[in-house]
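Starting off, we have a lone chain in the form predicted on its own, written out as structure tokens.
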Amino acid sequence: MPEKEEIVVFDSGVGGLSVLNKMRTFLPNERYLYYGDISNAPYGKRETAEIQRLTLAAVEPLISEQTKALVIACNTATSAAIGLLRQKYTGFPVIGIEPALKPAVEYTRTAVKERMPCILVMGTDRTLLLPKYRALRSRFEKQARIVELPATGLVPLVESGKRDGSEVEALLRSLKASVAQFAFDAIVLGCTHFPFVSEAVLRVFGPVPQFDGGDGVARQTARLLRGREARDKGGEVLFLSSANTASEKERYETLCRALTERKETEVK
């Protein structure tokens, strides 16, 4: 067994850090390698074949004998490429993420009894169109009215370090205007970037319960690694990226430290 097994976490950019944060809560002693494909972000408006190519090309050099699990912390990459990744890597768990529609439906089933509940799913353009999400939606559309809101524009704001403020709120208000006829009982943050703007979503959309897939990924990873959990590795993280310039690397390092709220990290 390798001396320092690690969990590889991949995202198109920094959004997957919201998943990493949850994983470090459930599996605090693991050693993590996080990779953000920031030179190709965002994935949300790319074609499926291109997303698959980018994802497989980015993941391949991250895999080694030390790999304990691979987590695709990107809804778009999961929807497009998780099947291909599971075919290619069979020696360890490959865990993907999906919009947290199931827990949102379960919540509204209890909280809203006098009528059919209404759930807003915010996601990137591509995630909301791909078969994986469409199949997920079909499982629950008889239990709730599901309204989809493409919100790809939020991704570059988070990637540029904007989690709040007038620009974020202005975009959210514009998005809300397109679904103003609905009263929502739950909001699904269907992109891993979106939990970082959850406070702004709360102000714009009101006190509506929000759900994201990070908890589910962390719980699933912990379940699959049960009995193999690290005990003494201290939760260290190595951050890598596809940054091409010194300024890109500096910005990525700053975002990694800010969004994980941890100082004891190594960024390359």
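All residue numbers refer to positions in the sequence shown, first residue = 1. All of these numbers come straight from a predicted model, not from anything done at the bench.
There is another form of the same protein, the form predicted in complex with a small molecule; it is not shown, and what comes next is about it.
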Of Val237, Ala69, Ala41, Val59, which one comes within 4.5 Å of the small molecule in the model of the complex, counting heavy atoms only?
Ala41
Considering non-hydrogen atoms and a 4.5 Å limit, which listed residue (Ile95, Ala104, Leu120, Val155) is close to the small molecule in the model of the complex?
Val155
Should Cys191 be counted as a contact of the small molecule in the model of the complex, where contact means heavy atoms within 4.5 Å?
yes
With the partner left out of view, is Thr127 within 4.5 angstroms of the small molecule in the model of the complex by any non-hydrogen atom?
yes
Mind telling me which stretch in 109-117, 161-169, 72-80, 141-149 gets its heavy atoms within 4.5 Å of the small molecule in the model of the complex?
72-80
